[in-house]
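Next up is one chain by itself, shown in structure tokens, the form predicted on its own.
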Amino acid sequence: MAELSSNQLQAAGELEIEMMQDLYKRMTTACHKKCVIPRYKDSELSKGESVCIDRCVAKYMEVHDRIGKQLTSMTLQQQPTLQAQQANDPSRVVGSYQ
């Protein structure tokens, strides 16, 4: 596998941060909508609301983990095919300007 340049590593890191921010935003919105009643009575979450949010967040993170593992598995399975294609036609390499 080819080494990544520092610019590529930085871009990958920034993309990962953006993806995690999006996940957090979607998770927060969905779990709040599902678990917290719109009319606040107290300044603190009730026991039921806290339990609901804990479960909701756990489900989101479990699904995120499963999807990540599946994508990694698919990428590893496709890697030999992609490398063979790149070896046969270097102009098809992502990021190539030829």
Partner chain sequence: MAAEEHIFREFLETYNRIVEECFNRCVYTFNYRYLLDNEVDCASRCTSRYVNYNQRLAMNFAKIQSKKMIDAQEQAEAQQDPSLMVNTQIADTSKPS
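We call the rigid core whatever largest set of C-alpha positions still superposes within 1.5 Å between the two forms. Residue numbers count along the first chain shown, from 1. Predicted model only: the values in this text are computed from it and were never measured.
The same protein also has a form predicted in complex with its partner chain, omitted here; what follows describes it.
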Check: Contact between Lys47 and its partner chain in the predicted bound form at 4.5 Å, heavy atoms?
Finding: no
Check: With the cut-off set at 4.5 Å between non-hydrogen atoms, does Thr75 touch its partner chain in the predicted bound form?
Finding: yes
Notebook entry, point to check: Should Gly68 be counted as a contact of its partner chain in the predicted bound form, where contact means heavy atoms within 4.5 Å?
Noted result: yes
Note to self: I'd like to check something about Asp42: if you look in the predicted bound form, is any of its heavy atoms closer than or equal to 4.5 Å to a heavy atom of its partner chain?
What the structure shows: no
Item checked: in the predicted bound form: members of 50 to 64 within 4.5 Å of its partner chain, any heavy atom -> Cys52, Asp54, Arg55, Cys56, Ala58, Lys59, Tyr60, Glu62, Val63, His64
Note to self: After superposing the rigid core, is the C-alpha displacement of Gly68 2 Å or more between the shown form and the other one?
What the structure shows: yes
